[in-house]
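Just the one chain here, the form predicted on its own, laid out as C-alpha cells.
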Amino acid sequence: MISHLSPNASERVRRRVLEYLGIRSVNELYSDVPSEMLLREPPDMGRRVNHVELERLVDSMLPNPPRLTFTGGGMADHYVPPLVDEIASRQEFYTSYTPYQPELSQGMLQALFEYQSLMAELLGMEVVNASLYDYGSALGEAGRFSIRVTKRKKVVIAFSVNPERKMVLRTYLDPLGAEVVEAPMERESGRVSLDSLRSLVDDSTAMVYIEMPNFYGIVEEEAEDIFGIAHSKGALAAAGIDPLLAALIKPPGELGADLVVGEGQHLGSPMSFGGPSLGIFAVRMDIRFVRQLPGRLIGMTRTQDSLYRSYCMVLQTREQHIRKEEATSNITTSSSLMALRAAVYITLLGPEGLRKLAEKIAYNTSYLRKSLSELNVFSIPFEGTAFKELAVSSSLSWERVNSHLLSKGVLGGFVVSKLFPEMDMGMNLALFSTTEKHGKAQIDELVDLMREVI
C-alpha cells in the first residue's frame, strides 16, 4: 500500500474494506493472476522525488522537452501543485457565477471569504476585497480610491513602477483630471530617492505609491520612511507587492501601508499565455476605506436560527445592480476562480511553506546575480536587494544572447529598450526572472550558455 499517497491507507480502513468485500487479504484481489507474474516485493524505483523533480525527469525523456523560462518583466514560471487544479476544476466552483443568491452559493462564498482572510493575514492588512482583474486594474482602482477618500487630485508614484501599470493608472485617472508625478530613482541602489520624494509630496497629494519588488526587481528597503513621508502630508501610503515577498519580509500592513495592491496569478494559476490574472486589493480597517472599496466584499454571519455559520456579500459598490451612478467602480465581476485557486494554494503551503518558497526564490536570485556578475560582459547595475527579478546590463547585443539561448531551448531576458526605452536609461538592460522551478543546475545551464556567447 502506498500509504503516503492515499488518505485511506490506514490499517483500520484497510480491515474494514476487506471485511466488506469478504476477503482476508489484499492478495486475494489478484487470485486470477498467475503467481509467476506477481512480484514478491516492491520494485526498486529509486528515491522518492517531489513533483517538480518528477516533472523535470519526465521532461528530460521527451523528444522536445519544454523550454526553461528565465524571462522577466511580467509573469514568471511558478510551480502549480496538481491539487489546485483538482479542486478548482470541481463543477460547483468551475461553473459558478456571481453569488447573488447566498442560499445557492455557500461553497463559493466561503472560498472567497477564505481567500480574503488568508490574503489579509499574508499582507498584514485587515480588509481584502473579493479580487479584481489584475495588478494593473488594482493600481488604477487604488488611484481613484485615494482621490475619493482624500478629496485630492495628485498621485506620486516611484519611477521604478512597472511601466505597463503606470499606463493603466494614468488611463484610470485621466478622466478625473488628476496629476500623476514620478519620484526619481537612485541610480546606484535602484530604490526611490527619499529627498526627491519629500520635495514632491505636498498637501495636494492623495496617494504615494511604491512597488516591492519594483520593475528592476529591487526591494524598497526604506518603505517605512516612504510611508511616513506620505502620512506627514495627509496622503495615503500605498504599496504594490508580490505576495510571496510578503511571506519573507515584514508585510506592508506592518510597515504602515494604508492600501496594498498586487498580482496573485502566480499563487496557484499557470501563466496561460498572459491570463487570466488576479488583482489584489487590501486596505486597513477604516470605515471610510471600506465604504469606498471597489468590487465586493464577502462576510461571514449566521443563519436566522443561529445554528449554522453562513456567508453572503456584505458590500457591493458596483454599478451593475446596486449603486448605479454612485458606484465606486464600474468593475462588474472579479477573478473569483483565480481567487479560489490562490486560497487553495496558500492553504496547501501554509505559513512555513510560503516562507520556504520565498527563501528559495531569494536564494536563486542571489545565486543568479553572483553567477552573471562573474561574466566580464554582463553586470548588475543596481546594488539594492533583488527578489525574483534581476536587471542585467550587457555590452553585447541582447538579441544575439537571446537568440543563442533560444536555440538551446531557453527563454532569456526581457529586453527593456524594446518596449520601454525610458526605463532602460541607456544601460542596455534585460530582466531575468528565477523561481522555485529553477535549481542550481538550471541556473548554471543559463550562465554557461551565456558564457558560450562571450
Partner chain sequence: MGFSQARWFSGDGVLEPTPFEAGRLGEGGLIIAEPEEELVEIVGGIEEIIPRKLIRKELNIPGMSEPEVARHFNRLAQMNYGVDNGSYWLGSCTMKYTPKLVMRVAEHPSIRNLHPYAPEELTQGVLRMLYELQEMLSAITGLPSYTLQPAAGAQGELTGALMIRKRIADLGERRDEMIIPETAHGSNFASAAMAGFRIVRVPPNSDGTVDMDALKSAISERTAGMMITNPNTLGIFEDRILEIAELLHANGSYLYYDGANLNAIMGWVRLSDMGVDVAHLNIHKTFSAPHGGGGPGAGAVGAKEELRDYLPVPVVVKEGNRYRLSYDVPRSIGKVRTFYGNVGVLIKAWAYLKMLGSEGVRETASLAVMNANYVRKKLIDSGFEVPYGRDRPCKHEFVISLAKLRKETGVRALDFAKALIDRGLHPPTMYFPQVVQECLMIEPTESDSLEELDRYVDVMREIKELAYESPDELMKAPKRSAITRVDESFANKVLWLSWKVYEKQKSQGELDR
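Whichever C-alpha set is largest while still superposing within 1.5 Å between the two forms counts as the rigid core. Numbering follows the first chain given and starts at 1. All values derive from a computational prediction rather than experimental measurement.
This next part talks about the form predicted together with its partner chain, which is not shown.
Proximity to its partner chain in the predicted bound form, taken as heavy atoms within 4.5 Å, picks out 339-347 from the listed stretches 339-347, 196-204, 150-158, 181-189. In the predicted bound form, none of the heavy atoms of S394 sits within 4.5 Å of a heavy atom of its partner chain.
In the predicted bound form, P421 stays away from its partner chain, with no heavy atom inside 4.5 Å. At a distance threshold of 4.5 angstroms between non-hydrogen atoms, S379 is out of contact with its partner chain in the predicted bound form. Although the partner is absent here, M427 sits far enough away that none of its heavy atoms falls within 4.5 Å of its partner chain in the predicted bound form. Shown here without its partner chain, the chain has E164, R165, M167, V168, T171 in 145-171 lying with a heavy atom within 4.5 Å of that partner in the predicted bound form. The two forms, fitted on the rigid core, differ between the shown form and the other one by less than 2 Å at the CA of D424. Core-superposed comparison between the shown form and the other one: the C-alpha position of R48 differs by no less than 2 Å.
Comparing the forms between the shown form and the other one, the C-alpha position of E28 differs by 2 angstroms or more, with the core used for superposition.
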